[in-house]
Each structure stands twice: as structure tokens, then as C-alpha cells.
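Shown here is one chain on its own, the form predicted alone, set out as C-alpha cells.
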């Protein structure tokens, strides 16, 4: 495996693309008792349209999450979770908009755990009975989200923001869409996207990189397989579909989520640079040490629940803020005014350097978390960027880029806000 060194971070990474197309990335942490492995596919809830072996398909919304659930079934009634537990390990999985990850952590029997992870994720086993049984479980999960203010407010905001992009549809799908999912649907999507060429195996811990590579070859084989080609064409204007949306639920006080629509950032180093510029813009605009944050806090318009940042996804990006407030619209208007003022007056050099040092320091401290580091190595890999190169990107950013971002993005015509009011307030 090829070794990459990052002396500024005191990190090493071993990486190789295997003959079957799988990328294996290993970050050795000598002396660590705990190891973690992520086996990730570049397939999430937004990837419902694709071409495979000359045929075009459209899968129902929610299929990626449904598939994540069903892969924990193995032939013979084997219980994947119990098998990991017997090895002293914990296993879990999650589905996001753009990827699905399966992972375990352990302090012993690493090789056996790794082989079990590779086996169950690569073994599709879907019976009509188990798929039908899972439908009821996921239907309940959807119902719980419909009763959860955090989920409702975000899903409402995405529906207001986007006209075509599938981020406007919840990751779990809808109660109607999951009724369309069959064993054949799951088999098709597994064949299209759970092929090694569309996946990454990332391991962090006191492990031997060559042993990780060997386990992957032995379990998955060396043969390349056909891979689904995503059909991602989601044209969007920079103006949201609706400027605002509101509903009433059982909340103690009004809560809100707002976003400013941004151009998609694309892939590679330039895309990550744009992401980091936007993160710095969020920090200078409404971060906890910003003048706006302190002013809104002193006025009682926000509390410690307030926060925000930049979110990017294949085909879309947005600058977001959310929290509880008795007057969410006043918070939105204050953000707009502060952005205009910053563009007019600029950012002091000392303040700018402090922001960069703080942001860089947070990312470096984040490397202490095996889970967080493993996740970021995977997520940035699918954006065609080596995550451990982030210090060089930060160093090169200029404050003019931040001001340009604020001027272009933080505008009323690009903003949508979603509000949930208390039920009694709505009734009155």
C-alpha cells in the first residue's frame, strides 16, 4: 500500500485501490486500544435515478435507508449484531443523503470483526417476509420523525428551498414510497451500488495495513463488477421555492431554521476550499464570538440553542442557522443586516487570522476522535479530496474570499425560513 505522510498533523495514511475497484484507506494509531472500521458506499437517499448495464431505473424514495436496515439479515437466521457482540465489538450503520456507512468499533478480535463487516455488507439476503416486516418498522420511524420538531422543521425548510433536488424528500422516504420497495428493488440497488468500485473501506487503529488489504481481497474477491451510473440532473434557481413556511407543534417556544441557497461546490480541492471559506463566513457572521451573536443574545432573541454553518451535498449547498427564538424573523433580518455591514466595512486582519487559527485548531483537535476522523476521511474521499490536506487549504484562504461569499450568498432573495410555533400561540 502507498504511504502518505502529513508531518504537520503527525498522521500517516496507507491507501490502495484493489483489483476489484475497492479503495482501502488505513490510518495507523500505534498504541491505541480501540480500532474502528467504516465500510461505506457512495449511495445515499438522493441517488434514486441510475443506469445499470444499459438499463435506466428509478428507485422509490427511501430505498437506501431501507437497504441499510435489511443488510443486517444474513442467511440461516444469523444475527449480525449478536455476532459482533460475541467478539466484544459494537456495530452500527447510518444512511445520509449521499452515502451509507456500516461500521464497528472493537478492542479485540479486529480481524474477525473486519471480515464479518465485509461479509454482511456484501451479502444481499432479502425475503418477502422480512422486507414486509421491515416496512412496518420504517413506517413507525417515519411517524416518529413526523412528530419530532427538529425533523419537521428541516424537512419543511428543504421543501421550501429546493424545487428539483431530492434533498427535499426525507432520507427515510415517505409512507407511500416505502410501500413500493420490494426484495427485487433492494437486490437491484445492492447490485448497482454495493460493488467494490463504488465503496471505501477506512480503518483507524493499531492495525496492519497489509492485513486489512488482505482481508478485503479474501472476503470480496478480486473481480471487478458492473456499477450503477447515477443520473443526477437537478437544475435549481438560486431563489427558494418559498421564502418562508410555518406550522404549529407541541414546542415550548418558537423554533426556526433558515438557509441561504448557494451554488453547488463540485468536487476536489477547489470545492473543499469553497466549503472552508463558507465555514469561516458563518463564523464571522454569526459564530459564538461574533458581534451579531452577542447582540442577539443580549436582546434575548437567541439562546444557547442558536448555531449554524455551511452544508454541502452533491448538487446543492447552503448556509444555515437555527435555534429557538420568540422572533425568528427578527433574527433573519439581523443576519442580513450584519452581512451587509461586514461587506461594507470589511474584516480586520487580526480578526481574520484569529478566525483561521480557531477553525484550523478545531479541525486538528477533531482528529482525536477516531469516529469523527473515520467519517471525514470517507466523506471527503467521495468528494475527491484527501482530508488530511485541510491545513494547506486553510492557510491559503484570503479574507476577500469570505467577503465575496457573504456579498453573493447572504441576500434576502436567496433565503428561506421555516418556523414552528407553539400550539397555543397558533390557536390564539
Partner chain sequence: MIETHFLLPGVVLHCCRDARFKQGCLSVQLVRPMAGSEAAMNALIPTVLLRGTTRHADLRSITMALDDLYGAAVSPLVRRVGDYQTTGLYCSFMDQRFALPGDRVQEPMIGFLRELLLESPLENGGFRREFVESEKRNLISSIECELNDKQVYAMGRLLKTMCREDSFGLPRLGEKEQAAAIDPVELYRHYQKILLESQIVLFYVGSAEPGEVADLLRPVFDLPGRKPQPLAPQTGLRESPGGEITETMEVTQGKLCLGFTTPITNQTTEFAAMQLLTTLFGGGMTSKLFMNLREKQSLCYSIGSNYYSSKGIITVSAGIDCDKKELVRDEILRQLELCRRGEFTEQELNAAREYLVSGLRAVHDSPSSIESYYATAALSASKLTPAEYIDALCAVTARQAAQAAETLKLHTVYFLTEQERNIPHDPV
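Residue numbers count along the first chain shown, from 1. What you see is a predicted model; the values in this text were computed from it and never measured.
Absent from the display: the form predicted in complex with the partner chain. The rest refers to it.
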Using the partner position in the model of the complex, report whether residue 52 sits within 4.5 Å of the partner chain, counting heavy atoms only. no
Indicate whether residue 324 is a 4.5 Å heavy atom neighbour of the partner chain in the model of the complex. yes
Contact with the partner chain in the model of the complex for residue 307, defined as at least one heavy atom pair within 4.5 Å: yes or no? no
Can residue 176 be called a contact residue for the partner chain in the model of the complex at 4.5 Å between heavy atoms? no
Answer range among 399-407, 33-41, 378-386, 54-62 for contact with the partner chain, defined in the model of the complex as heavy atoms within 4.5 Å: 33-41
Counting any non-hydrogen atom inside 4.5 Å, which residue from 74, 222, 336, 294 sits next to the partner chain in the model of the complex? 294
With the partner chain left out of view, choose which of 358, 182, 270, 341 has a non-hydrogen atom within 4.5 angstroms of it in the model of the complex. 358
Select from 1-27 the residues with a non-hydrogen atom within 4.5 Å of the partner chain in the model of the complex and write them out in sequence order. 8, 9, 10, 11
